[in-house]
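Only one chain is included here, represented as structure tokens and corresponding to the form predicted on its own.
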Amino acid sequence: MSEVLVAGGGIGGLAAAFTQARAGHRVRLLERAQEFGEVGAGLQLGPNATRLLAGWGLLDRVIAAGVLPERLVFRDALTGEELTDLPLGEDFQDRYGAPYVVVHRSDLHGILLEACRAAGVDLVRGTGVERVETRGERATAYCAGGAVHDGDVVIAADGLQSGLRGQLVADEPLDSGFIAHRGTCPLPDDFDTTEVVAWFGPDCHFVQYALRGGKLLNQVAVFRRGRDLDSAYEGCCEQVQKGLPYLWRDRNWPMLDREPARTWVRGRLALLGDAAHPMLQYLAQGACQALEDAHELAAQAAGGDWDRALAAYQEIRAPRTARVQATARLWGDIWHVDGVGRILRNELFQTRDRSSYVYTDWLYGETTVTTRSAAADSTATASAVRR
């Protein structure tokens, strides 16, 4: 039995801790904050993530806390016209082995936290890991305040602003030039809870979907820096304008990522989630890729050979997440064009074959040998969801 240390108690860190404990390892999770929790609002989980949650026995709880939308809808923010959609019903679930779920970030975090407790993870609060030293087959985490923890491996899941990443990669977060305002409010009577809607505008976009069984409306407004929230959406259609008063005005989030890193592992220290591959939000894959990381690392470590496991984890996951990072950047550029670019984008979207999966198979389909087992575990769950 290995001793695993996890630095960071966000969604990625909890997923890593749970999967390692589920595999039979002793796990200690070290969280910097005095309390466990997540800041933010809604979260979209594609079937590449929900397949894993099904295999972990957690998907039913996630579905109960969230909403199962019937389609993703893309609209022009200026005219309101529908450009294209992605149906999320029976054919989609049959193809990918699991549903598309939207859930409040804090609800998913709470489900993973409870799963960690039930699996016997030692959850330590108020202990931030400042550096890690590895010697041979052991790793030591040195924490703020002087605490020291030893294990066979340290998994750094300390987020986009990861302090531990600097031990492997000399880089800084990159600012995309866009900021996000978020907000939730009681669901309006006229809102369709079956849809996740993204409105594309020049240098801005707006996302809406229901949360918590249709009780809440989640909204995200993303626009280029240099304007305030209201002026950024001048000229947008009535549906977008109606949503602006419900956004939080006292806080915003800069849209940051980093260049893909080739090195995720040094000795017995490994990066995971946003610490390894922070990405822009346009593919809704940040949390999904962290769950994939956690599953892959646990699968590779099942044999107890950590050196081999860490090398395989990096080899499998780094190219996959680099593609997601790059595609998210490109997708954001497509969303925000104006002029001739907007006309061409709209025509392309409106004329695409809506029954085609050519743009989603690489993202939602099977990606590695070790993740295929989760798909088999989730078949019954996906069938039950459709019934």
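In this text, residue numbers run from 1 along the sequence as written. All of these numbers come straight from a predicted model, not from anything done at the bench.
Quick note: we don't show the form predicted together with another copy of the chain, though the next part is all about it.
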Counting any heavy atom within 4.5 Å as contact, can you tell me which stretch out of 342-350, 62-70, 29-37, 43-51 lines another copy of the chain in the predicted complex? 342-350
Triplet D122, V132 and Y142 all within 4.5 Å of another copy of the chain in the predicted complex via a heavy atom: no
Hey, in the predicted complex, does I334 get a heavy atom within 4.5 angstroms of another copy of the chain? yes
Do any residues of 298-332 have a non-hydrogen atom within 4.5 angstroms of another copy of the chain in the predicted complex? If so, which ones, in sequence order? L330
